[in-house]
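This document opens with one chain alone, in structure tokens, the form predicted alone.
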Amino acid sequence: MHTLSVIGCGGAGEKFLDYIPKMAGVQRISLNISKADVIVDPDRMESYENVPSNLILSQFPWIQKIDSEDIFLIAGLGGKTGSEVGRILGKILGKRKRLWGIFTLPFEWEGEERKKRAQKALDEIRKNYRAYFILENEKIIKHYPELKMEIAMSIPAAVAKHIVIDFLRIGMKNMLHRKIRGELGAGVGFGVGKNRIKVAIEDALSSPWMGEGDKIIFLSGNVEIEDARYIVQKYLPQFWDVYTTNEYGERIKATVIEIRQESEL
């Protein structure tokens, strides 16, 4: 049995999954209409919208191969594949597993049909997922208007990567026994130099997906917990932790998670 399952669903989900490195104990599954670990038919899945869970499992046996207690589904909502798989998995696994999500929403110019499909999926996700991150495409374009589109659109995938990595390394030992629910905000930042811890945290807090709610702070890099304590506590986080590693060289990474109103500690 794996520690964590990460499922990249649809075009966006598969792209995001490519950013996440292979890690011990992690089950990686791509789902799409072609050239994926699991080939899915979103029209067929949509037809099972009101079918009892046991019948859905008999028709989609690949769901039973997801063997971790904690599951991250990564998908773009608005597209049919990501929306339908996100909804179905919530209905089937939401009460059996700890289901976490990382989702993007369509741009304004993508049309009403995609927005309605995304909203319908999001309504089901709110009911069935333990917690989820919404990385809105529109917000990142407005936040970084000077960036070329292809560069700006790589940012959500990079943030998703660090959310998953830090959940596995730090978050699972800190978050699972707390009653964290609902939509979460996220930001990832890096800092170098004398004030690198503060710079990394401030960088993460400047994320377009960060608001005014309570914060969780995870630090990674060549830093010890006692060295970070004085600086981190100035931000009054609900809780925080450190993962010591040399992989970032002289940089410190901060992953900040915002707990929104519908979540509770």
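For every residue, the number given is its place in the sequence shown, counted from 1. This is a predicted model, so every value here is computed, not measured.
One more form of this protein should be noted, the form predicted in complex with a small molecule, which is absent from this view; the next part is about it.
- Contact with the small molecule in the predicted complex, defined as any heavy atom within 4.5 Å, is confined among 165 to 173, 120 to 128, 183 to 191, 152 to 160 to 152 to 160.
- At a distance threshold of 4.5 angstroms between non-hydrogen atoms, Gly79 is in contact with the small molecule in the predicted complex.
- For the chain shown alone, Arg114 is a contact residue for the small molecule in the predicted complex, at least one non-hydrogen atom being within 4.5 angstroms.
- Although the partner is absent here, Pro106 lies within 4.5 Å of the small molecule in the predicted complex, judged by heavy atoms.
- Residue contact check for Val256: none of its heavy atoms lie within 4.5 Å of the small molecule in the predicted complex.
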